[in-house]
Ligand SMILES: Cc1cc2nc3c(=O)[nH]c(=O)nc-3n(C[C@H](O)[C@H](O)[C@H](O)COP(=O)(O)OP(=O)(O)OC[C@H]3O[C@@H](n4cnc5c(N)ncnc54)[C@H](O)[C@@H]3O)c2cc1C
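In the block that follows, a single chain appears as structure tokens, in the form predicted alone.
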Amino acid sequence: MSPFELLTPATLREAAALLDPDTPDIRPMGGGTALMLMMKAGVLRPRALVSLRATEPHLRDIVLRPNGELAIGALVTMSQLEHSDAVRRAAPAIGRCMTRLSNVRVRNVATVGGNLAHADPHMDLPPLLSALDAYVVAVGPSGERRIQVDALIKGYYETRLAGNELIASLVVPPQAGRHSAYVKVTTRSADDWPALGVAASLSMERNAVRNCRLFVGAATDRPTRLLAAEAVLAGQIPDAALLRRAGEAAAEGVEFLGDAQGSGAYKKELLKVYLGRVITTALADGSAA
């Protein structure tokens, strides 16, 4: 690993001011789990790292607001999400997702902001947060702005963050009355990178599906909304036949990418099956918040 300078600003705005939007030679670091691996492999050779660990304490807070919003600081770790009572009450699908996200050593260090800014297409959180209609608050020289999670990631390791912007927080809107779940399919250990990740969030009215949001990850270069499947489900009472039709519609509307976890054709078949399973899971144990 190449030598580098470690910078330790006291605030997030100071950290953003240290970044150069025109060069990748200066990189921000939250938990550093992915960044250090890439540096050790020689993929990244920054001359300086801007550590966020000494920035404002509130960036490590999880707050359930009176209106039902869940506000999560960028430096909150995955383990905090896993064990948070506020997360369990407001968005239990997030806590359940954490139990199979990598391993406990990584979850103890990896941060929410770093995870989302890294934009690896195999990550578990982006499709689930997209289904929950969550957004991030980004901080830069021009102030703050909101970016929906489903719009944040542009492709492989690419986001809509400017080179001198940092994620300050993640906000999950009120989930009252909604059922949500994330299902992960791995080809090796249960906590491995997914071959497919599929997320669902929906409400029910008179046993029929309303306001459904479905997203797939790992099979695509970014969280991808399954609009064709949503159209099949809208206003219908879910049964085995309907879920099969929705799975078929979802699979036909996605451009699948193959990788070490499986071919594109394999992932297409997985989605046909697991689209129905994630909805069934959401309705069974994703009790309306």
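Note that the structure is a prediction, hence the values are computed from the model and not measured. All residue numbers are counted from 1 along the displayed sequence.
What comes next is about the form predicted in complex with this ligand, which does not appear here.
- Heavy atom within 4.5 Å of this ligand in the predicted bound form - the one residue of Val185, Val172, Leu161, Leu81 that qualifies: Contact with this ligand in the predicted bound form is made by Leu161 alone.
- Heavy atom within 4.5 Å of this ligand in the predicted bound form - the one residue of Ala151, Ala71, Val106, Ala86 that qualifies: After the contact test, the surviving option is Val106.
- Would you say all of Met29, Met123 and Trp193 touch this ligand in the predicted bound form, counting a heavy atom within 4.5 Å as a touch? So, yes: the whole triplet contacts this ligand.
- Out of 35 to 43, 60 to 68, 260 to 268, 227 to 235, where are the residues with a heavy atom within 4.5 Å of this ligand in the predicted bound form? Going by heavy atoms within 4.5 Å, the stretch is 35 to 43.
- Would Gly113 count as a contact of this ligand in the predicted bound form, using a 4.5 angstroms cut-off between non-hydrogen atoms? Yes, Gly113 is a contact residue.
- Query: Do Leu52 and this ligand share at least one heavy atom pair within 4.5 Å in the predicted bound form?
  - Reply: So Leu52 counts as contacting this ligand.
- Does at least one non-hydrogen atom of His118 fall within 4.5 angstroms of this ligand in the predicted bound form? Contact with this ligand, yes.
- Using the partner position in the predicted bound form, report whether Ile167 sits within 4.5 Å of this ligand, counting heavy atoms only. Residue-level check for Ile167: yes, a contact with this ligand.
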